[in-house]
Structures are given as structure tokens and as C-alpha cells.
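The chain below stands alone and is given in C-alpha cells; this is the form predicted alone.
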């Protein structure tokens, strides 16, 4: 429900909210601007009587003094061309400049308050404030659910750059947007008389009394006792009317003062509602709290960025998540399918399953695992299709599933089946699905059938699981899944560098031309997206619908697409890539891999790779134009044949993009493996890790396991382990 509300309000109200946010951000500068131009005497140094006496001497025809929330004093008086207003120096009473709100400020204020549409416009802006409040609260709820609970609201965000931008910006601006929305709603309700604003006519004008001859304004007792900081307005009596009085408004109340005696003749304190209204007005506009105004302005200016990034993310998600014809409501479904997917492929399997069950007469509801409900009244079974992201992590649409599962105190009577999707090349194959299965059993949820697993999106294994499901249901069920072909673009090979032929490990560095595409096409998901080293390039070999992924050794900024590929015996895609020649083309797409990126900041990096695993590590070094400390450990077989990126690494050392290089070659005299070099550098590595260094490992899983064991041994004296580093995001792997 929160996601639907958030999407509907964000998409339908984007234009209105952008207008209100941008105009509000412009107005947020005004309090700071006024404050910078105000001459502010020390507290208690100037009384209202002092100010009035000085101004009447400098400007005899003064009619009113007004203290603005910024502290600036404005005198309204007669001028050669009619009524005039001047900014006053309180220490001298002299006019320092004419006063008039800039035309842009007046225009922007009218736009922000009413859109130049009168009462109807005020209603529209109030609706915009309500929409912004709903968007902010629903966004926070969705973020908490995705992060795994409110206590993890500040944890790092997983996902592509657009998703991280939207979430991080939303978290930063949430407090300011909530405050702006709530105060705007209050002021709107007060404007339409739905809540009291405390406004009054003030005390009744006193009965006529002898008020002349008048004392000089600087000698009025009531004004001598009043500090300038308390002044709001002081109206001077009409010199042509002997019965006229001074009218004084302060932070506490308003009343009349006799010119002849300086005594207060009538007084009325401000009501509680008036104080509340002034306080809320100050919070909303920043008038009187210029620093708050600037903070709220920064939050407001984030609104259009949030709108655009959220809209693009919504559109991309719709393209990834297929439509389900006949998807029934959760409360009416007899079969519930919940999906945990990172890149979208698992949703395709869910659609095949949904169609087959629907054809058999079932009422089926499909949703994300993050949308797990506390109960499904009509459900007779639940099927969980859970992909594993990387080496054991929860995918994007299931990051909060285990948290939500833990909130359900009583296990339902409906049986549950878990089907895991993963890659057997990872040590923790289908780890997330196994974690889900274990959590269900611990909470005594009944099992419909044993845990099933699918390796690398195998349609044959999915069909076999469908046969087992059919047996459990006691009906015929055929799951003939045809994977949807990913949207790809043609990449043309421009160069290749071959290594490793002499040591039976043919490995090639392949460089493709970067496709040219318009910005709008990229935002809509049709162009070639921006990418960073460590992201994945999906390649579809001819006559194959299942992509193979290779870590990128370049970024968009480099102007080319580069991967490092070792030829595998019998490998369909690696054999195809090794057969390419410059001018040949491939069908490819980019898949973000934010879990394998250097952490922000300037802390040192320890990069460890072997063979083709150096690809993304070389990309990190190439992108290190700021000279961040980077220490590379590279392992190969023979430096004469498979020293990948050897010339580039030497050049990057000279340029300062890399701090140190340590190599290990296994097929030369006195050689060894990369983990041996780590043990030889134990003292330096312990010092680097103690100083906050991040460890990044890329390559085969056997190498990665050896690296983990070596680091565990050499870090043991410090009390630090790879597990603790991994938990803090300081030990990341990309293994295969």
C-alpha cells in the first residue's frame, strides 16, 4: 500500500510539488539575505524609546516603525513623491537605504502561496503540502522496510546509482520536508479559518483623554522599559489629531500609549493561538531563524531531484517486473507467490508459475517478498521464489523479508515451499533461500515440499521442480519457461590483447567502443547506461537467451567498455568472445554491481586478484585520479605470458594512481600464489587494516578462499577477522 501511494502521489503531483519546492527554496534565501543586511545592536543596548527618539529627530514625519523578523528596522514616512519606507540604523536613527521587497521576492511569494490563482490556488498548494507529507512518510516506511527495519535506516544502500541517490537524498531531506509540509498544512488551515490563528483587533481604543502636549517619543516611559528585540510595530499618533495615541505591538501583546504621559492606556496580551501561529510561521519561512530557512531550502530543492529519480526508477522497475494477467488481491488468493529478485529474471519464472496455476483454476497473487503480509485469509499455500544476490546476500525485493517474517508471532496454517535461484560457482549457492527455509522452520511454518534450487536460471531444473509441485498439489502442472531476452545493444570490438597461451590459460582483454546515446534515452532505460568499474557486462552469445556476466574493467568516464575474459574449456560465451576480431560485434547490456565498489573516502584500498580477476581492480586503479592509496596484489602463472595489464600497471605506479604492486607467479622458479605474498607482507597489511583500509578480492573461488584463510591468519593478532571486516563493508568479493 505504501509503495502504491508513494508512486501515485509522486507521479501525479510532480509538477505541482516541483513548483512549490523551487519557489520555497528561493524564498528560503530571503531570511539569510535580510539578516546579512541588518544592523543589530547588542541585546539590551537599545530600547524602543531610544530608537523612536533618534528616528523622530532624523525623520520628523515618521509614521510607523517596524522591526522585521531578521532584526532589520524599517521606518514608514512621508517622502517627496508620497509615502516612503527606509531601512534604519538603530544606533543613529538615520535612514541607510530605501526599503522595498524585491519584485522577484513578491512574485515568488505569490506563486508559492497561491499559484496566482487566488483561493483556488491556495487550496492547490495545501493539497501539495499534504501530498508531500504523504510522500515523505511513505518513503520513510518503504526505506525502513527495504533496509530491514527502522534501526537500520542509516545503513548503506544497495542498488544502482539512481536507487542510491533517491534513497540517500530522501533520508537526508526527510526531516526538512516533513517540517515544511506540516507547517504549510497548519498555515493553510489557519488561512481558511479551520483552526484559530489568534489574530485579533487588539484592545478597544481608549476613551478620549487629554493627550497633549506630547512628550518626545524618546521620553515615553512605556517605551523606555521595552528592549528593541521585543518590538514588532510602533505607530505614531497623527499630529493633526490631538486624541490620537501611539499603537504598540510587541512579542507579548499590543496596546495604546498616551503621548503626554507615556502610560499604557489599554493593553491585550497575545493569545496562545497567536503565539503558536507565529512560531509555526517562523518554522515554515525561516523568518527569525535564517539558518533553519536555509536548511529547509536545501531539503526543498531536493524535491525535483527525488521526483525525477523516483519516476525513472519506477519506470525501470515496471520494465523489469512483468505484468501478471489476472493477478488477484492478496486477501482473495488461494495461492500466494512471493518473489525475491535482484535483476528481474526471477520475476519471469514467477510469471510462468502464475500462468500455469491460474490455468488450473487457482486464484493466484504475486508480490515481492518485501510485501509479506501478516495473514492471507483465503490462502491454502505459499510459494517463495528467492534469488540469492552475489555470494549469499538477499536480493533487492527481499531485503526486509526476514525482518517482516520475524514480526509475525503466530505461524499460519498454510504450507510453504521455497525455490532458490543462484549460481553453483559461488561457495554459498542459494544461501538466501536456505536462510529463508531455516527461518520458516524455526518459526514452525508447515512445509509444502522440500527446498528446491535452480542453478543459473536453468529452465530444465525449473520444469523438474514444477513436476514435484504438481505431485504435492495432486494435479497436472507443466512449467515450460522461456526466458525473456534482455534488452541489449550492439558493442563493436575495437581492440584485444591476448595473454596466457603458453601456460594453457588463454585470457584476453577486450575493448569495445562505447555506444553513443542521448541522455533522455538513457534515463528511459533504452540507451546504454552509465557504468563503473566492477559493474557487470551481460553478453548474449549467438542463439542463447541466458546471458553470461563479466566484470567491467572500465567506467563511462573512460570512454570505452572493457572486460577481461579467460577462455573456459567448453565455455559457450568465453569461446565466442575469444573468437572475436576487431570490427566484430556482440549483444550486451550493463548490470549494476554496487556491492563490489570501493568505499567512499580516501582510506587505502587493498586489491587482491588473480588471472582475469584483475579486470575490475585495474578499472579501480585507472579511475584513481585523486591519488588514493591503492596496494595491488596480483597472481598469475608466468610473467612472460599472463602478466595482465603489466604495462598499464607500471605506468599507473609512475602516475601515483597506485601506491604499490606485489606479484606472485606460480610457474616460475621460487614462485608462489597471491596468498603467499599476503603472508610475506603481514606487518604492512596489519597496519593498513588497522588504519581503516578496505580489502577487495576478485577471481576464482579457490583463490578467494585461500586469500580469506591467509588474511585470517595474519590478522589474528589484531583481533580483526575477515568476517568482521565483511560485516563492516571493508571486505568485499567478486568471485566465480
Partner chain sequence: MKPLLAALALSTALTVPELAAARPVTLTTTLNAYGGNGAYLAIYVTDAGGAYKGTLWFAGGKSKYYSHLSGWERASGGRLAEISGITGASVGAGRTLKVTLDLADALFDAGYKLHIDAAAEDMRDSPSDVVVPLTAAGAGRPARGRSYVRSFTYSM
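Numbering follows the first chain given and starts at 1. The structure displayed is predicted, hence computed values, not measured ones.
Beyond the structure shown, there is the form predicted in complex with the partner chain, which is absent from this document and is the topic of what follows.
**Q** Could you confirm whether residue 110 comes within 4.5 Å of the partner chain in the model of the complex, counting heavy atoms only?
**A** Yes, residue 110 lies within 4.5 Å of the partner chain in the model of the complex.
**Q** For residue 35, is any heavy atom within 4.5 Å of the partner chain in the model of the complex, or not?
**A** Although the partner chain is absent here, residue 35 would stay clear of it in the model of the complex, with no heavy atoms inside 4.5 Å.
**Q** Even though the partner chain is not shown here, does residue 205 get within 4.5 Å of it in the model of the complex, heavy atoms only?
**A** Result yes; residue 205 sits at the interface with the partner chain in the model of the complex.
**Q** Does the 4.5 Å heavy atom contact test between residue 626 and the partner chain in the model of the complex come out positive?
**A** No, residue 626 is distant from the partner.
**Q** If the cut-off is 4.5 angstroms on heavy atoms, which of these, 421, 634, 531, 256, is the one near the partner chain in the model of the complex?
**A** None of the others qualify; the residue that does is 256.
**Q** Note which of 244, 371, 437, 562 lies within 4.5 Å of the partner chain in the model of the complex, where distance is taken over heavy atoms; exactly one does.
**A** Of the candidates 244, 371, 437, 562, 244 is the one lying within 4.5 Å of the partner chain in the model of the complex.
**Q** Counting only non-hydrogen atoms and a 4.5 Å threshold, tell me whether 76, 84 and 119 all contact the partner chain in the model of the complex.
**A** All of them do, each having a heavy atom within 4.5 Å of the partner.
**Q** Can you check 220-228, 76-84, 617-625, 568-576 and let me know which stretch has heavy atoms within 4.5 Å of the partner chain in the model of the complex?
**A** Result for this chain: 76-84.
**Q** Taking heavy atoms and a 4.5 Å limit, what residues of 259-276 are near the partner chain in the model of the complex?
**A** Result: empty, none.
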